[in-house]
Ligand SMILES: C[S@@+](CC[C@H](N)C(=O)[O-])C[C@H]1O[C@@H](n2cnc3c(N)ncnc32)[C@H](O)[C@@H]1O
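Before any questions on how it binds or moves, here is one chain, the form predicted alone, in structure tokens.
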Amino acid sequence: MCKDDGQIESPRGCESRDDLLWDRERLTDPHHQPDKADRVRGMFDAIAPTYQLINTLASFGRDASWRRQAVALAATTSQDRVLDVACGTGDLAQAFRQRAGRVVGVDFAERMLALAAAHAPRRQNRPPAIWCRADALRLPFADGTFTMTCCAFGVRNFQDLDVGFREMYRVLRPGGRAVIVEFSMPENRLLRWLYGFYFERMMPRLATLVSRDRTGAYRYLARSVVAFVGRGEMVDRLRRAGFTGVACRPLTLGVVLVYVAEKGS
């Protein structure tokens, strides 16, 4: 179900859950919960209204710069057809729209996608973005549809990382590339401790206070970074999915990593 800017169709029965989705027991191993996808979807539907504000506050305004650098590292041109997977409120898709020929954003959280469509600016000489409600593990596109797939801060929320990477690979044309932006723990020991203190203790409390979240979303988002696979394993998994020429670029002292990978021609 895909629509241009300002419109999106949603199936019935997709109301968000506003109860506690991430308790202490589940946070001990967030990436191996059998119903992780349902919990992530309900969580994002609940925090959608304040999501962009919290991102800006929590990153001290650096999130926009990270997206711009990802677009630049992707060497995006007007010939590119870009698929933004787990697009959320559409911030990365909008950054790509400034250079790419066509951009499609997909997400399975209805309220996040509705905000992406509602807030998308009209750009002269640029086709409108297309927004599609879909699961990243079952993309509704034919093989080889896009020249680029991208995902910002979303792959760690996949129910199955390997399946998600294979889907991003499948819908790419030969010679296409994938661009993944994800949080990471800094390698420097002191920076790692300082960042961990802020990210696991201070940020979730402040974000929960501002957003009035009751799902445990920001405790999950912090814990999901600490418990996620490291740089080496990310590169290995991208290669196992079929990608070649995998490169990794650290940003802001290593708290963010940008991966660029290619699909062989």
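In this text, all values refer to a predicted model and were calculated from it rather than measured experimentally. Position 1 is the first residue in the sequence shown; the rest follow in order.
This protein has a second form, the form predicted in complex with the named molecule, left out of what is shown; the following refers to that one.
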property	result
The named molecule contact at residue 55 in the predicted complex, heavy atom, 4.5 Å	yes
Contact flag, residue 195 vs the named molecule in the predicted complex, heavy atom cut 4.5 Å	no
is_contact(residue 44, the named molecule) in the predicted complex, heavy atom dist at most 4.5 Å	yes
Non-hydrogen atom contact residue 161 with the named molecule in the predicted complex at 4.5 angstroms	no
Stretch in contact in the predicted complex with the named molecule, which is absent here, among 151 to 159, 71 to 79, 187 to 195, 169 to 177 (heavy atoms within 4.5 Å)	151 to 159
Sole residue of 238, 222, 207, 40 within 4.5 Å of the named molecule in the predicted complex, by heavy atom	40
Residue among 112, 100, 129, 95 with a heavy atom within 4.5 Å of the named molecule in the predicted complex	112
The named molecule in the predicted complex - contacting residues of 73 to 109, heavy atom within 4.5 Å	86, 87, 88, 91, 107, 108, 109
